[in-house]
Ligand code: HSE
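Just the one chain here, the form predicted on its own, laid out as structure tokens.
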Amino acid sequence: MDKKNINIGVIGCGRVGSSFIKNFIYKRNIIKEKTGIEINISKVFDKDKEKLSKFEKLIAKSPEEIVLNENIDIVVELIGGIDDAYEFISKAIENKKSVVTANKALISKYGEEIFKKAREKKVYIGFEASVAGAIPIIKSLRESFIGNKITKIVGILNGTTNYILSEMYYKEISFEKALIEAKRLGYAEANPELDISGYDTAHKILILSYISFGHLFSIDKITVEGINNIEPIDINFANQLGYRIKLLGISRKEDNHIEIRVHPTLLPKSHILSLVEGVNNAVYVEGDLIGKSLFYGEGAGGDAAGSSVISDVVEISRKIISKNFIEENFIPKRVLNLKPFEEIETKYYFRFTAIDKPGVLAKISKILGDNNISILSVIQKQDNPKKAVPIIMLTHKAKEKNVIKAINLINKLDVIKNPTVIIRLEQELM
């Protein structure tokens, strides 16, 4: 008998899960009109009984009631984290159920293994919501750009940190005040560490790199810096110099080497990524056929991610209804070498906190020059011989290892009163 409908089970009723369930139920008839497929949410589970109570007619007593249920075709995992999510997804695949997930941490760690298991069991994995909210970047890389040799991906991939940096820029407030506002509006979690540390962005750039280049690197192999040390003084100086500070995930491929990094970055105010404000995300992609392409949209919030979950559920439902399994070997495995971070070359912004007296600039400049770091410009805004004052320097391109060596020596000078602030500056990303 031909299958006429699809049943799904949802594990996780948090912000994304609740948004997905409510919107899917509301739009179920529209989806049926557009696809001709009857898709039903059969069971829902969350360990938080209060969240689960909103869907009392759909309650499952345990995750196993979903992943082992022979009447459920697609398991939607929206609990986050790694260990429990991995267990539920593995059980679902083992029981020949397709899976949709928004779990970037899981995919960035176990993606290869999960996709291999899915191929063996002839089921599908949807993970569009794991990167950049409502932006269809994964589908584009997997399908629309499949004939391209991708060479570069640069993204603002975290709505929380982009909102905080936007607030600091426009309202001239501290990081702490901007974070409080982000929490109040629901843009930041109660514990925002994953976002502000840069690791949420790191999970996402690793996934995009994997899809584009065929090698999934471990997160502990790449350099990740967050925004928690960005201060209003740096936002203001960057602005005066014609730059904005954005948290970027950067991935570039040259021959069999790949460069992956996450850190705050100075971008010219005219740069298109500098114009991305608030909770919005943007992903820039370069390929041999497409040239340069930019994706822009909401990257934070339950509705944005929920929209991508709906898309994956509908796409997989169509494939299941068609009956002929389509093997998704969309990530041909390649052996690539990760370029050591100390070997990257870029420009730099330095903020020294130094005693204002003759000879200080000469000492700093000599150490920089001895380490092949050429100064582009210098700003010293205050004259105060009794106190330490900020000295701002921009450099020409330099190697990271030379910068670290030089700054370590400069920080040991008796005229330097605080650790030097280092922010990388990019002008050639696009």
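One-based numbering along the sequence shown. Just so we're clear, the structure is a prediction, and the values are computed from it rather than from any experiment.
The same protein has a further form, the form predicted in complex with ligand HSE, not shown here; the description that follows concerns it.
May I ask whether 104, 195 and 204 each come within 4.5 Å of ligand HSE in the model of the complex, counting any non-hydrogen atom?
Heavy-atom distance to ligand HSE in the model of the complex: all three under 4.5 Å.
Hey, of 229 to 237, 340 to 348, 119 to 127, 180 to 188, which bit sits against ligand HSE in the model of the complex at 4.5 Å between non-hydrogen atoms?
Result of the contact check: 180 to 188.
Taking ligand HSE as it sits in the model of the complex, is residue 299 near enough to touch it, meaning that at least one heavy atom pair lies within 4.5 angstroms?
Looking in the model of the complex, residue contacts with ligand HSE include residue 299, since a heavy atom lies within 4.5 Å.
Is it the case that residue 264, even though its partner is missing from this view, gets within 4.5 Å of ligand HSE in the model of the complex, heavy atoms only?
Contact check for residue 264: no, nothing within 4.5 Å of ligand HSE in the model of the complex.
Classify residue 157 as contacting or not contacting ligand HSE in the model of the complex by the rule of any non-hydrogen atom within 4.5 angstroms, answering yes or no.
So residue 157 counts as contacting ligand HSE.
Given that ligand HSE is not shown alongside this chain, does residue 200 nevertheless sit within 4.5 Å of it in the model of the complex, heavy atom to heavy atom?
Residue-level check for residue 200: yes, a contact with ligand HSE.
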